[in-house]
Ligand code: NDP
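For reference, the chain that follows is the form predicted alone, supplied as structure tokens.
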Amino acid sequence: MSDDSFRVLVVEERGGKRSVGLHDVRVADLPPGEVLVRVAYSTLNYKDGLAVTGKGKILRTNPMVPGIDFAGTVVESASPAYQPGDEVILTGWGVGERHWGGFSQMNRVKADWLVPLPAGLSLRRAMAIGTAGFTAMLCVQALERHGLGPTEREVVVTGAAGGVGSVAVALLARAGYNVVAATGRPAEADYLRGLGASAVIERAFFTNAGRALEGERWAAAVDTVGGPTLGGIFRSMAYQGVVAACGNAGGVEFTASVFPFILRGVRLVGVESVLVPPAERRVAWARIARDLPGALIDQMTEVIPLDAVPAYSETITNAQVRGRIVVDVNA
């Protein structure tokens, strides 16, 4: 690599063959945008794993640089909102899908896609949170917006050992809720209790056959799994309970009785994190910086170099990753 070039991870399909590898490119090769950012860290999310392995139709451009988020330092800016030296975060907006992604040492993007790094967060810890943690905070905010407040009842998080689930467990526990972590990997029980879970149950609790209505247990739920797991949650929701759904690793369809909705007033709230307006993003990131101690963030984080992304993409799509994977694009 020469002094005026930088490394990117490129996924390309040509002649029916698919390749994933590191390439050297120049700043002139970047897409147009108002702000040029020197990327410090990205993350490996489940969606990134699907994009890199080809197990999901994530990439909309060929060839493509994946990576749906990044954190770094502004180098050049045509926007008054940012100046050289500013530290920034980007999640969503189709970056890493339709637009040049975070698995790159440099990127050029629209100013409105960026969020200033909140006080109290480092660039590495911001990406330890990343899209997954940002989504988890949006779920917590959705639960509170739809009625979740102080309660003696339990709040359950499914897929709790994954990226979104880990941060959701930590955020809810720090907010004072009695959090139950549901996971398909019972060996992660100690890890989840370390994040603040008061109890750990197997995900099969929700997929085993049961009545349309079971005893009232959950005041609220964050479901990162979807499929039969989501359908099973409703059976034990308490009166006027609320479920925030944000994932589909367990399937895109679910079956549920109408009884929880018409007899207990249960609410299902969908949470998406790609097109959230900038003002709402800043509020969510400020609360993350306030509510998650750095030591807790580090506890759920593993850092890997850029060239390890292909191997780890296989691991994350096979549900074998715990917590958050930070990608040091300069390592």
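Throughout, we count residues from 1 along the sequence that is shown. If you're wondering where the values come from, they're calculated on a predicted model, not measured in any experiment.
What comes next is about the form predicted in complex with the ligand, which does not appear here.
*Asks:* Work out which of the listed stretches, 265 to 273, 59 to 67, 33 to 41, 288 to 296, brings a heavy atom within 4.5 angstroms of the ligand in the predicted bound form.
*Replies:* Comparing against the ligand in the predicted bound form, the contact stretch is 265 to 273.
*Asks:* Among G162, G72, G241, G96, which has any heavy atom within 4.5 Å of the ligand in the predicted bound form?
*Replies:* In short, G162.
*Asks:* So which of N178, N248, Q141, S257 gets a non-hydrogen atom within 4.5 Å of the ligand in the predicted bound form?
*Replies:* Exactly one residue meets the criterion: N248.
*Asks:* So, L171 and the ligand: in the predicted bound form, are they within 4.5 Å at any heavy atom pair?
*Replies:* Taking the distances in the predicted bound form, the answer for L171 is no, it never comes within 4.5 Å of the ligand.
*Asks:* Does the ligand come within 4.5 Å of any heavy atom of R124 in the predicted bound form?
*Replies:* Output for R124 is no: heavy atoms all beyond 4.5 Å of the ligand.
*Asks:* Is it the case that V222, even though its partner is missing from this view, gets within 4.5 Å of the ligand in the predicted bound form, heavy atoms only?
*Replies:* Outside the cut-off, so no.
*Asks:* In the predicted bound form, is there a heavy atom of the ligand that lies within 4.5 Å of any heavy atom of P116, even though the partner is absent here?
*Replies:* It does not: once the ligand is placed as it appears in the predicted bound form, P116 has no heavy atom within 4.5 Å of it.
*Asks:* Give, in sequence order, every residue of 299 to 321 that has a heavy atom within 4.5 Å of the ligand in the predicted bound form, or say none if there are no such residues.
*Replies:* Contacts from 299 to 321: I316, A319, V321.
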